[in-house]
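Here we start with a single chain on its own, the form predicted on its own, put down as structure tokens.
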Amino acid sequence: MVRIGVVGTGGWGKNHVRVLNELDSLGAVCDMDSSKVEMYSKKYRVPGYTNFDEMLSKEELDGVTICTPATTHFALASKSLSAGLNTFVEKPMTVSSEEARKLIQIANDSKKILTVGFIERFNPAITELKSIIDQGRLGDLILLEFHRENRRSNTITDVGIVKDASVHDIDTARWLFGEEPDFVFARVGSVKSEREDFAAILLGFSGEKTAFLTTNWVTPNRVRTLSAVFENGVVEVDFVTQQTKIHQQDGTHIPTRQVQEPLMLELREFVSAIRDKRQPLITGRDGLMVTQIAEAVLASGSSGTPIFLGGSR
């Protein structure tokens, strides 16, 4: 049995608690709010702590998931990795690439898993799109166009939209293209928040392959869509409904599949990687690369010029 402690049981962390309990892998909960600790400890019959160090010292855990504000990720993940625990960090892995590099080194030194919560890779519709790309069913992938809209959550106060929301689509774009972007050009701004709450991002990959990402916390409706343009067709994906539409010259095909909870698939992968002593689908390097790209997005938005990254295959 793999035992996982959940650190931070608020907005998204409570879902980690629920899913890990369903996977029979919930080992402990930790939160600064004692009322939440008491509630989840009683509900799921696991030890509860308000002090992270105390949980690390008292519990025999195989890993932790860190679901706290982004600015706390590095400090908490450093402690858990140094304590010999496999560590899942919600996105963004860290708020700076310097912290990301340090965290990867700590993970390497401790020989433990470091993974990041880029949940869209586990969305069944995106998994199917990746399969279409890898099999070459529609020819080469040329363009990706992402739209991610929603009102800002009141719980997000320490980072802006780029490092909180755009990172999902940045990671998905680099995963689908199978490489890092060569350059970034972006416009970002703020309408209703102190930090940026909208971003329009262009990622340029090799051979003129391109990803367009628009993200905002301004519009009231919840939109999460992707259009993938190939040589011989277009695939439209709705992240929320998990519906896929495949448009080709002879018509439109809408595959049917079972709707699955991406978080369940994501945490099952983390538990499986621990049990099988292997690297997970998403690594610390993915967290580093996405953070570097997010930094370039903000730099481009500030300077009004493209930022050249060099890319890597």
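Numbering starts at 1 and runs along the sequence shown. Predicted, not measured: the structure shown is a model, and the values here were computed from it.
FYI, the form predicted in complex with a small molecule isn't displayed, but the following is about it.
Contact with the small molecule in the model of the complex, defined as a heavy atom within 4.5 Å, is made by none of Lys112, Arg174 and Pro280. Stretch 64-72 is the answer when you ask which of 64-72, 270-278, 284-292, 240-248 has residues with heavy atoms within 4.5 Å of the small molecule in the model of the complex. Among heavy atoms of Lys209, none comes within 4.5 Å of the small molecule in the model of the complex. Residue contact with the small molecule in the model of the complex: Glu60 places no heavy atom within 4.5 Å of it.
The shortest heavy atom separation between Leu103 and the small molecule in the model of the complex exceeds 4.5 Å. Not displayed here, the small molecule is approached by Gly8 to within 4.5 Å at the level of heavy atoms in the model of the complex.
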